[in-house]
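The chain below stands alone, shown as structure tokens; this is the form predicted alone.
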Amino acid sequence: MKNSVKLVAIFGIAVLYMTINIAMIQKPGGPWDIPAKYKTMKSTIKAGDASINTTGKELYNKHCKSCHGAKGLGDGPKAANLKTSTGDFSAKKFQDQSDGEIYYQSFIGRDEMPNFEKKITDEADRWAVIYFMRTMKK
């Protein structure tokens, strides 16, 4: 019995060690080259409508949560398998970006961040996701 407990403890420590090391080897992504038209892009919908918040949250949970986590901290279950960090949506650096910059990164994508233009085709739905991401402030 003692040997079983020791083996389980050793296995648990090994898994924890590997998880921490994987997270540490993730590198932050390089700067995004965002076209000028996106930097000044404005939303096509008005913020504040409860249905927008519901739609944004539902779409985020379906398409983004697995990598970015429930609170946008970059701690979703798939995040550890990525080569680059998924970032932190609650961080000031993220929140200081224009809506258009977030739009470009979220729906055009690059590298490990997939393009979502064909998965979220409705423009209002895309903006609803961005508004939901804006609620993830520290």
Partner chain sequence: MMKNYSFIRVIGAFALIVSMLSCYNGFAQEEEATEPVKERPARPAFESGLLFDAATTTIQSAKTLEMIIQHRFGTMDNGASDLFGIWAPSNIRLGMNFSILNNLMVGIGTTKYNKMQDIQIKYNILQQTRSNKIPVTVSVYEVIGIDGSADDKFGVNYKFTNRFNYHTQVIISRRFNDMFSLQLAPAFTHYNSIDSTLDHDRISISFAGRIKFSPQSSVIIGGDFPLQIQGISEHTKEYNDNATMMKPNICIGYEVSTSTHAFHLYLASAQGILPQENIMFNRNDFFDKGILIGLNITRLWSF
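Numbering follows the first chain given and starts at 1. Keep in mind that what you see is a predicted model, and the values were worked out from it rather than measured.
Although not depicted, the form predicted together with its partner chain is the subject of the following passage.
Checking 59, 102, 67, 52 for any heavy atom within 4.5 Å of its partner chain in the predicted bound form turns up a single hit: 59. With its partner chain left out of view, the stretch that reaches within 4.5 Å of it through heavy atoms in the predicted bound form is, among 59-67, 90-98, 105-113, 28-36, 59-67. In the predicted bound form, its partner chain sits beyond 4.5 Å of every heavy atom of residue 13. Interface residues of 94-127, taken as those with a heavy atom within 4.5 Å of its partner chain in the predicted bound form (partner not displayed): 116, 118, 119, 121, 122, 124, 125, in sequence order.
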